[in-house]
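Below you'll find only one chain, the form predicted on its own, shown as structure tokens.
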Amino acid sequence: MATCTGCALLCDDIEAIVENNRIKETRNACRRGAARMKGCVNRLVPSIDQKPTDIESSIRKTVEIIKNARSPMLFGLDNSTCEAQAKGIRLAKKLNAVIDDTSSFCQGLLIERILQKKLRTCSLDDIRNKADVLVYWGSDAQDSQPRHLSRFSYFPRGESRQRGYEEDRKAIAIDVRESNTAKICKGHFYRIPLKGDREFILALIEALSGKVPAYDTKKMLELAGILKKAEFGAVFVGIGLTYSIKEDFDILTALAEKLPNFNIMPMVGHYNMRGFNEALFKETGFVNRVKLEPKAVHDNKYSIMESLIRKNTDAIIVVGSDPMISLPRPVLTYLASIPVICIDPCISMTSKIAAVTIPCAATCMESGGTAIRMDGKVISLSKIITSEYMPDEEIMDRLMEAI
């Protein structure tokens, strides 16, 4: 059996059929996982200034760039093992560098509050075995984590939910559109206007408090009634919700206090974002946006977005991420103007503008380690095939030794 790194569910029941040291076929994997395990369509090669070279030359050039940088940044690591993340944090600390990841513009606020124990959470196994009410809020799990409903939430027979979705479970979707997940929710879809989550939460809190909400009174009272009757509930928070309430995130904590039988689950995309957040939190008390000076400093200005807008970063190491496709256009011009070192198994938009590229092994196919599932469970990742490529953990070691 193999573990899939297609998303943060880290499904560990995948059968991989290997032929001539290649993964010929996968069984049990969803469409995302199957595509991931087939490997890169276009493999990254070592290069300097877009000219092919060898790994040793790429590493030497990386060290030269970083040593000459006044304010370097390490970004990414959400698609790296826990072992590589720990060494990446050590590298950033040695460089007095800024370190950040994609959670700084998606689920970081939520994961930080969970690690601070400001929000109740549970395991995916608890949800499969016990949950009777499931709320997908700003999350289309059917598309983003395709096996979520079938393995852990709505469809499985659990220890306390033997009759499954037909009788024992109720699914609710709250979203700005009728997603594929919402279509499964059998009439329990609550459409809200764009950025209308805050108003919806306030009205729901009123309804749960026994008041008559002014906002869509009938449907809000109906929803509050369902949530109050839940024996074990879960709210799956997607980036649709976190984006909408990021300026007033404590409102989610206020709602959670009104739902004592519910647990909050972050719907994480990258397979080991939770691992990076936990590692950095353990080291510094923060999950992202940190400058690792002798004493760690956390500030919004240390996010990749603000660092590029303010032009505070003059060199950046990007590991297993592709900021060129996820950041807004105004900051990309500056990103392309500074030395970018791209460490990745595959060619990406970021590798195409990089001053240096260093190819690495594809985790769980060509290298092993551990990762942390979206619910906080540590999952082992086993190597399936042999490869000439270095794991990103080893690349971090090489850079540490050379600097």
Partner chain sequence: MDIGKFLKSPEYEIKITTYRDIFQAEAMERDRFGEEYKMLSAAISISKIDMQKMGLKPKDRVKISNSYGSIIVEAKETKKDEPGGLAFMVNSPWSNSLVSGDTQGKGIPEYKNINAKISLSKEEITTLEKLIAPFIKKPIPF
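Positions refer to the first chain, counted from 1. Only a predicted model underlies this, so the values are computations on that prediction, with no experimental measurement involved.
As for the form predicted in complex with the partner chain, it is not shown, yet the points below apply to it.
- In summary, among the residues Asn263, Thr313, Thr81, Ser104, the only one with a non-hydrogen atom within 4.5 Å of the partner chain in the model of the complex is Ser104.
- Between the partner chain and the residues Lys183, Lys218, Lys282, Lys117, the one pair within 4.5 Å by heavy atoms in the model of the complex involves Lys183.
- The stretch in contact with the partner chain in the model of the complex, judged by heavy atoms within 4.5 Å, is 191-199, chosen from 255-263, 191-199, 70-78, 88-96.
- Of the heavy atoms in Val212, none are within 4.5 Å of the partner chain in the model of the complex.
- Although the partner is absent here, Arg31 lies within 4.5 Å of the partner chain in the model of the complex, judged by heavy atoms.
- The closest heavy atom approach of Arg289 to the partner chain in the model of the complex falls within 4.5 Å.
- Among residues of the shown chain, Thr62 is not one whose heavy atoms approach the partner chain to within 4.5 Å in the model of the complex.
- In the model of the complex, the partner chain lies within 4.5 angstroms of at least one heavy atom of each of the following residues of 347-363: Ile347, Ser348, Met349, Lys352, Ile353, in sequence order.
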